[in-house]
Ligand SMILES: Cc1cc2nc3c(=O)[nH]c(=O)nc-3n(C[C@H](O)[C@H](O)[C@H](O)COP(=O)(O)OP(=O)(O)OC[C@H]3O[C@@H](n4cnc5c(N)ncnc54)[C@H](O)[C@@H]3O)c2cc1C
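Single chain ahead, written as structure tokens, the form predicted alone.
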């Protein structure tokens, strides 16, 4: 018997943060989606702590495009909770202890900077959480921060897709795809477009293997405390709740170019040292996890169409900031697909177009 062909507007490959946000955006616009993914292999999204913080980096500066990204993510995840009838979004301040008087003075000055003022909830000049952390010089509370329970979010999206018979749990088979300018056929599914949200797996995609997605390995620890932290502590390392009772995630290491699987004793020692320098609380290590984040040389996402087939698009390169980048840039991609906006060059796949003829095997 011949298989029945199922017609959708979009096929989405990958259901990590990028693919999940893209599917929600498209469904909100009345578009039908068919998602192909192997959830157990979503390493980067599945082990991510889900922390979002508008003041980051070694220099503790405002994140790129924070003024657009953070109001957008608050609205997106709040609406997603209502739509999916699940809890996974936890806004709350992040507390960064000062390490010296000089550090305190610097942040006092920053609190008057108009570009940062709205993000600094309060600067403390004396200890606030001295029973839990080393903050004898005080600390700063950052607003517009918190965490997303990434596994709960992706699970809720997956269950929604399954309820619509729009999810296949399988590795995507590139050989089973037929492409034309008008349509995409994959096995018994036909769609007008296909979107690849594969993260570091894109190196195996014969259509987009020319896009220089760089592996960025990160490792985390799962720990518990006898007395849980009162807030999210973040300095050198972060300690973030997981949604499970008295279970926290510590992270993360940062190894650009490392594509090796598995955990390492070196990373464990590094994370333990950082935890011991951040909190006074006794803790117990339960597990160590790893993930390969998809990054780019300029630390900007990659979105847009294949040079040859405009109905074949990519959303990738979210790096360490997937929770904050995925809602905004998946929305931008949808707006572009619907002809409602343009993709700026700094995030556009066009910036790598010269590599297509050089390396593509398609």
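Keep in mind that what you see is a predicted model, and the values were worked out from it rather than measured. Residue numbers count along the first chain shown, from 1.
What comes next is about the form predicted together with the named molecule, which is not displayed.
Hey, of 99-107, 124-132, 197-205, 79-87, which bit sits against the named molecule in the predicted complex at 4.5 Å between non-hydrogen atoms? Going by heavy atoms within 4.5 Å, the stretch is 197-205.
Using heavy atoms and a 4.5 Å limit, would one call residue 320 a contact residue for the named molecule in the predicted complex? Residue 320: yes, in contact with the named molecule in the predicted complex.
Is there a heavy atom of residue 74 no more than 4.5 Å from a heavy atom of the named molecule in the predicted complex? No - in the predicted complex, heavy atoms of residue 74 and the named molecule never come within 4.5 Å of each other.
Heavy atom of residue 279 within 4.5 Å of the named molecule in the predicted complex: The answer is no: residue 279 has no heavy atom within 4.5 Å of the named molecule.
Please tell me whether any heavy atom belonging to residue 327 falls inside 4.5 Å of a heavy atom of the named molecule, as the geometry stands in the predicted complex. Residue 327: no contact with the named molecule in the predicted complex.
Within 4.5 Å of the named molecule in the predicted complex, heavy atoms considered, which of 32, 68, 38, 308? For this set of options, the contacting one is 38.
Give me the residue from 120, 292, 267, 177 that has a heavy atom within 4.5 Å of the named molecule in the predicted complex. Contact residue from the list: 292.
Any residue of 218-240 with a heavy atom within 4.5 Å of the named molecule in the predicted complex counts; write them all down in order. Heavy-atom contacts to the named molecule in the predicted complex: 218, 219, 220, 238.
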